[in-house]
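Here's a solo chain for you in structure tokens, the form predicted alone.
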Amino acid sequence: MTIQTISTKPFSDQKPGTSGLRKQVPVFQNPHYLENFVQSIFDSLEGIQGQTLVLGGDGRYYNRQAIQIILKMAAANGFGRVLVGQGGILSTPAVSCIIRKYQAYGGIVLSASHNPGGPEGDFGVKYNIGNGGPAPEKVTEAIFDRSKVIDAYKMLDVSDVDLDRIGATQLGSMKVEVIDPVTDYAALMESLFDFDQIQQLLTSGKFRICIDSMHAVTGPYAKAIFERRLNAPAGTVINGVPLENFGGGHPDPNLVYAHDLVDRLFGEEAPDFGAASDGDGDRNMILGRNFFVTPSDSLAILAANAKLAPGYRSGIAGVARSMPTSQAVDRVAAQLGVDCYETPTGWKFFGNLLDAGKATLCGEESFGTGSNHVREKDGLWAILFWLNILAAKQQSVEEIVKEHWRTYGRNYYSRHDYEGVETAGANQLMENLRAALPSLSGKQLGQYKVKYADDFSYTDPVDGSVSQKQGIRIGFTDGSRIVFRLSGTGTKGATLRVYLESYEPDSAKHDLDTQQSLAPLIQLAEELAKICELTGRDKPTVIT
């Protein structure tokens, strides 16, 4: 076994986004492309000799091949041990769990999250640091800087590892341990939630659930936890076999792409509870019978009912939400007397708050919720939390949500996505809005008066780092908001996200249709940003 040093040249497009480096599979298959980025990660880290690395992915196309390359490079670069999921499978929250449990140096997650997979689909590489969370900007910037000048990478000349057999093998001086991907994560979940109480609910014969894994990574986890440990009937988990192309579907748990689940929950003989997770298992969608729970409301409801789960009975230290997420959780935090932090989009911004003990629960409107148990958002954790609340309160999903609205008021909220638009037009739209900000404050726009208009900037309360240009916010005196952002998670063109929110304290007005309630704001957003003119789109691709 010899270490090869292979000459290479830099690629100009290896700047990590909010969730690592994401490109289409053929890009990663270009000679040296994956190797350059992985070597740039290793070169940017200090003291990796003899350390432990966690490695796994969501099972999408190119996952297995990438793992073999990374194992050989890790061995050549001096890591002492790699923990890799059986079959190359590890959900993103499971990677975080394992890093933390075994005090690993860090981990590499192979996923493009909710993006489609397959030979022409998307792939991604993300580095997580020793706390289990995504690398902060100072680390990703160092990786990008290195990628711009890299001239060689190291590779151990050795045969592939058998990823399907649990056990240890040697790659040179490095030990590779193929581990069960579910065991450690499932044990953590059982320590946080009342599994006995949930099991009683699921075996009562009066409460039926449906869990949609969307042919993505959570299939093995969901079957092990719900069908085997909690004794839910066989078939409770649908689309439970991870496939390289996610069965030809789009593994994004929303009302458009999780259509199998939506059809069941809004059809005849609907189950009482439904939930879906995305490609890498860190997102969740919660449904009741004929009822959709917005992710923003979900975060607020988990915060308000946290003490019902054993792992949170002592209370929560604080909450955090991404800036575009609705302000519903702010009202819960105020009543609980805890701090609420507003951060940029990107789970990495929650890490410092969680590590410092300033926040316990955190979430994003993009179907991501989590807590201090790991340093990633966690889809199955959120589903189990909801089931724990349902078991304790003995109410339906709809009853719990409407009770919450009566207590705190309702934040009508929606996100309109314009996917794959021309990048130039999307950038022009944002620049036009930025230029108009100084003139908007105090202005009357239809029925709304502007209270503030800014480009969101965040100063981290723990380390003082500053993140600028995180999204255009236009807030109105009645508590309504419009937010405009360009997403960093796509691989084709640009994705414009428009977030719309209005607050309604009157419980007599809590049953209005969301899009109708927000119609004046939707029209105002179109006029302000000239969306149709600059994107060529007369309607969103996805509305959630």
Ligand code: VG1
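Just so it is clear, the structure is predicted and the values come from calculations on it, not from any experiment. Residues carry their position along the shown sequence, with the first being 1.
If you look for the form predicted together with the ligand, you will not find it shown, but the lines that follow are about it.
Using heavy atoms only and a 4.5 Å cut-off, determine which of 14, 24, 18, 535 is in contact with the ligand in the model of the complex. By the 4.5 Å heavy-atom cutoff, the listed residue in contact is 18.
In the model of the complex, which of the listed residues (294, 345, 147, 239) lies with a heavy atom within 4.5 Å of the ligand? The residue from 294, 345, 147, 239 that makes the contact is 345.
Taking 365, 415 and 487 as the candidate spot, are all three within 4.5 angstroms of the ligand in the model of the complex by heavy atoms? Looking in the model of the complex, the three residues 365, 415 and 487 all sit within 4.5 Å of the ligand (heavy atoms).
Looking at the partner-bound form in the model of the complex, is residue 113 within 4.5 Å of the ligand by any heavy atom? Output for residue 113 is yes: heavy atoms within 4.5 Å of the ligand.
Although the partner isn't part of this model, could you tell me whether residue 510 comes within 4.5 Å of the ligand in the model of the complex, counting any heavy atom of the residue? So residue 510 does not count as contacting the ligand.
Is there a non-hydrogen atom of residue 32 within 4.5 angstroms of a non-hydrogen atom of the ligand in the model of the complex? Flag for residue 32 set to no.
Would residue 64 show up as a contact with the ligand in the model of the complex if we use heavy atoms at 4.5 Å? Residue 64 lies outside the contact set for the ligand.
Please name which of the stretches 276 to 284, 181 to 189, 448 to 456, 209 to 217 has residues with heavy atoms lying within 4.5 Å of the ligand in the model of the complex. Going by heavy atoms within 4.5 Å, the stretch is 276 to 284.
Taking heavy atoms and a 4.5 Å limit, what residues of 369 to 403 are near the ligand in the model of the complex? Stretch hits: a single one, 377.
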